[in-house]
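One chain comes next, on its own, written out as structure tokens in the form predicted on its own.
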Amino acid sequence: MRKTLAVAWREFWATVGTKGFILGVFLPLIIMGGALSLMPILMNKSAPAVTGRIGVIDHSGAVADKLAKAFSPEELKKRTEKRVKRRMEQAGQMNPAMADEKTKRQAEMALQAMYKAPELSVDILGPDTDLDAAKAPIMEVAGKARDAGAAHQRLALAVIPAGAVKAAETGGFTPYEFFIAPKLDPEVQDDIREQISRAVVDARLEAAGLEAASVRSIIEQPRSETRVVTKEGERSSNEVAALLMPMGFMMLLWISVITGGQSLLSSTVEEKGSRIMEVLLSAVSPMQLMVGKIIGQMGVALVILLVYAALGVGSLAAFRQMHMLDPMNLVYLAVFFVLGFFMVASMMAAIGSAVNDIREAQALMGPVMMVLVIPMVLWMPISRNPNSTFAQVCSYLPPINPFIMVVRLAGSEEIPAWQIPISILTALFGAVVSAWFAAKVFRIGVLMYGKPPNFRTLLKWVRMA
């Protein structure tokens, strides 16, 4: 046991003590923190407002005047202020720190700079205007419309047929045509389309003898504030965080396990290629060496898991969303981490001992990674329906069941309690089988050089050992 722990410590420190590991773990956090710090500064830089004109050919005679009013400076300013207010409300729901007046003012200034009101006006063209002649000015707009800065440029053209307002005998309305300049700001496009549609609907209501403002006030969707009821009291709801929670647990487990497993693979291949493995085997047995390397790299993976898990829990605490986290899920995360790592690391150790360099390892790594990537692809449907037959079956299939279970545990439904120990036992069985298989391959492979083995050869080694 002493020799195994000595190998484990050597393996752990040889990885954790390098500058590459420290940069690899902490540099993404530094970059992310720097980006979040710089974002308010960059957002406060005002972008040039979109400037130009919108052409309207109105065959109905009831839409053009409404559009001209919709794009008056006063109405454009109102819509921009409404957009900023809506974004502020969404930001307040996402981040409780927005309750602070200073933070709120800074966010509002940043949003006002981002959503600067465009400078648009409407050209009402005659019904007999040639369509090609009306579209010609749009083609003259070069590059991004917002960069041209010319108030006379035509950025868009709407052609409203009479049938868009008055339905045909069949009861259907005719769609209108909408032409835009290349690379016109998507939000400006959406606003123009929305105002055209609104004007057309208002014209239809007036044609039917109804007051558009009254009808819109009646059909407007009511607003609500969703709150979660917990034992500690009511909490604000955060749908985005609730959706991403299962993915967060799965990513924590997947990144730590795969990173540690690949480090084990690389170190095994390197030591075998440089013949250091032969020196080590003169002091310890193949089993002691393999177990020590697995334990050492598990310590590496555990460091990664703890760093990113602490960051995630700290973020939930900062945003006052700790009620979304079940403490038992962290316990299960640790359990499934150990089991999942032993399965993946055993396969990596077997592959590393069987090949002579990293290029040869890629051929054997392909099928393993194809299996391990399944939870990454299917986390969304599993988290939305954690008690589906497919999710339950995957919970008992090593080596993916540790990843599937952490997604199910953090999913949208509570899973039957009896399935958790069953999944742990199947993962434990998978870890034992993987370790047994890896030990057989490792015992022969570490001293075997030459042509890399295929899967049939690995099975032969297992029978020989």
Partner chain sequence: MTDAIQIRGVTKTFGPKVAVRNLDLTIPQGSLYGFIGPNGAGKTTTIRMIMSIIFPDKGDLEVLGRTSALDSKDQIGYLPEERGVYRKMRVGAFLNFMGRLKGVDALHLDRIVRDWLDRVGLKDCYRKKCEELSKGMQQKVQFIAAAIHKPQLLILDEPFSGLDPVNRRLLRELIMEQHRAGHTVIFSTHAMFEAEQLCDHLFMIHKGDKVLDLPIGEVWRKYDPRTVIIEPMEALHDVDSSSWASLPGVREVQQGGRGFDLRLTDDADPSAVMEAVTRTTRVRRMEIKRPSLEDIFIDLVGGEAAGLRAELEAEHGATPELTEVARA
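It should be emphasised that the depicted structure is a prediction, and the values quoted were computed from it without experimental measurement. Positions refer to the first chain, counted from 1.
What follows is about the form predicted together with its partner chain, which we do not show.
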Of the residues 377, 393, 207, 276, which one places a heavy atom within 4.5 Å of its partner chain in the predicted bound form?
276
Which one of 217, 285, 315, 388 is close to its partner chain in the predicted bound form, taking close to mean a heavy atom within 4.5 Å?
285
Listed range touching its partner chain, judged in the predicted bound form by heavy atoms within 4.5 Å, from 187 to 195, 345 to 353, 119 to 127, 263 to 271
263 to 271
Is residue 280 part of the interface with its partner chain in the predicted bound form - any heavy atom within 4.5 Å?
yes
Determine whether any heavy atom of residue 460 comes within 4.5 Å of a heavy atom of its partner chain in the predicted bound form, and answer yes or no.
no
Tell me, yes or no, whether residue 10 is in contact with its partner chain in the predicted bound form, where a contact means a heavy atom of each within 4.5 Å.
yes
Residue 447 near its partner chain in the predicted bound form, any heavy atom under 4.5 Å?
yes
